[in-house]
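Starting off, we have a lone chain in the form predicted on its own, written out as structure tokens.
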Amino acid sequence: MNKEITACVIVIGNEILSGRTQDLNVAYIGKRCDELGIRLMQTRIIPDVEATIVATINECRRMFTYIFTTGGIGPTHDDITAASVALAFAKKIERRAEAVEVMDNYYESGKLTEARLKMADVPADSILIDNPVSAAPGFQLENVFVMAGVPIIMQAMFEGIVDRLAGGKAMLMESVATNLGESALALELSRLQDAYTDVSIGSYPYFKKGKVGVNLVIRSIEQSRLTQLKKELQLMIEKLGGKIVD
């Protein structure tokens, strides 16, 4: 599997940890990473605490090819991500003129308050990430990409950095659903996983309309391997007396 190009998502925000807000960004980034040939290895959810942000950024940026952070770059007092990332890199925070200009053009006259101008404060030497939705930019510092937490804004920001990401072969997926339970499949699945070490095999139980079963999801960068394994999974299910469910 495409192990050499890796990523980690760091979700920053007390509101996520408390359950008041549901994260929608990890699923989007994970799907796009698969398509770009980047292997998403970890997701971390951390609070709006400077020391925690600094330590997490510094640990992860040395472990993975890319770091994507979401949240904490708004105009309020608890939006401390930009300052914390600057501290992690030992950079000063500066008010970026081009960010101010973009925001000034976006807001009506007199509406660009000092609180909003805070969103133009980014670490020195960082590269801005365009925000076509609400103007206030994200930024990139080395392999760390700092983006908004609001899903529609984060998605627009992510699409704006795609050309900065060096990926590999896209991750492909196939699935086979069966009425058999996991316990019936376990032994044969282990055997197949040992035979297909280059393919990820996931087993996900389901309960639909009073019926139980398992959805087997296989992932690889090689379509030929997926096609071959899918046939073997179908034969395995038939051999065990199960049915393939559409």
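A residue's number is simply how far along the shown sequence it sits, counting from 1. By rigid core we mean the largest C-alpha set that fits within 1.5 Å across both forms. These figures come from a predicted structure and were not determined experimentally.
Although not depicted, the form predicted in complex with another copy of the chain is the subject of the following passage.
At the 4.5 Å threshold, heavy atoms of A186 reach another copy of the chain in the model of the complex. Contact check for E142: no non-hydrogen atom falls within 4.5 Å of another copy of the chain in the model of the complex.
Not displayed here, another copy of the chain is approached by G74 to within 4.5 Å at the level of heavy atoms in the model of the complex. The shortest heavy atom separation between A51 and another copy of the chain in the model of the complex exceeds 4.5 Å.
Remark: of stretches 94-102, 116-124, 81-89, 155-163, the one touching another copy of the chain in the model of the complex is 116-124 (heavy atom within 4.5 Å). Heavy atoms closer than or equal to 4.5 Å to another copy of the chain in the model of the complex belong, across 19-38, to the residues G19, R20, Q22, D23, L24, V26, A27, G30, K31, D34, ordered by sequence position. The Cα position of R62 differs by less than 2 Å between this form and the one not shown after fitting on the rigid core.
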